[in-house]
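Only one chain is given next, in structure tokens, and it is the form predicted alone.
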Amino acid sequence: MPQNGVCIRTNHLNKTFGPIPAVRDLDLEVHEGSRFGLLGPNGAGKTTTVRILSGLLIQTSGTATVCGFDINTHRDKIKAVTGLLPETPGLYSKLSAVEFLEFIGALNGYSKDASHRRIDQLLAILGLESRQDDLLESYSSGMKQKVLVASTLLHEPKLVFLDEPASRLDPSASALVKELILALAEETATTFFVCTHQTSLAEDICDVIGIIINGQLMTLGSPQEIIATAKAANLEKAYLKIVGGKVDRQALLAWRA
């Protein structure tokens, strides 16, 4: 299991798709019980990194351990002790929340009694008891995301990967997801690995952030450390300094000349 408090360790991890590098020489440590954020623009390599670490994709070169298991030889064990919420997950809208979670529990080998105990616990934490028997098609986006988070946590993973957990949500639902991650991290002592391009989400919930650009890890530290190093007012401004986000107004308005 996690060695010396390290939940994830990568060593010169690389992934290419043909001639295109997606992850470049990634060296990373994520400590047990932390809320780690991998922050970067779309196409930076965040999802590819998560797919490698969760056992869904084979790296081109390099090594990594996840919860003490080698990604080359123990992918099935990694899948058993981790949870993954992808950016575009699926829900069976004609099922109720309980029915959907029972289905997920069965896929994970839970007995009906064990599954129901865990489902009751998660629905209570998430505040969904009063709607647990309603069809998922009647749920708001935020409520559906709660159910999806519950399905990810159902088998009590030691590590949870969340890929853009708030990208499709309105501001109120996004705020709800932030509160949810913080509450679950506190109540379950689970390690969270959050991929996002939203600086506000990363700043609010992550205690350590890595900024990745074109598959390469550019900086690593707490939000406060990154802000101080970049000499910026907040994480958004620090992020823009690192990734480059300045608008060329003259070029933008050149058509008017």
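Since the structure is predicted, the reported quantities are computational estimates derived from the model, not experimental observations. Quick note: we count residues from 1 along the sequence shown, nothing fancier.
The same protein also exists as the form predicted together with a small molecule; that form is not shown, yet it is the one meant from here on.
S.K.: Within 4.5 Å of the small molecule in the predicted bound form, do we find a heavy atom from each of 22, 41 and 45?
M.R.: Result yes, every residue of the spot touches the small molecule.
S.K.: In the predicted bound form, is there a heavy atom of the small molecule that lies within 4.5 Å of any heavy atom of residue 31, even though the partner is absent here?
M.R.: Residue 31: no, not in contact with the small molecule in the predicted bound form.
S.K.: Residue-level contact is defined here as any heavy atom of the residue lying within 4.5 Å of the small molecule in the predicted bound form; does residue 156 satisfy this criterion?
M.R.: Looking in the predicted bound form, residue contacts with the small molecule do not include residue 156, since no heavy atom lies within 4.5 Å.
S.K.: Should residue 99 be counted as a contact of the small molecule in the predicted bound form, where contact means heavy atoms within 4.5 Å?
M.R.: Residue 99: no, not in contact with the small molecule in the predicted bound form.
S.K.: Does any part of residue 120 reach within 4.5 Å of the small molecule in the predicted bound form? Heavy atoms only, please.
M.R.: Residue-level check for residue 120: no, no contact with the small molecule.
S.K.: Heavy atoms, 4.5 Å, the small molecule in the predicted bound form: which of 224-232, 201-209, 46-54, 184-192 makes the cut? Say which one.
M.R.: In the other structure, the partner sits against 46-54.
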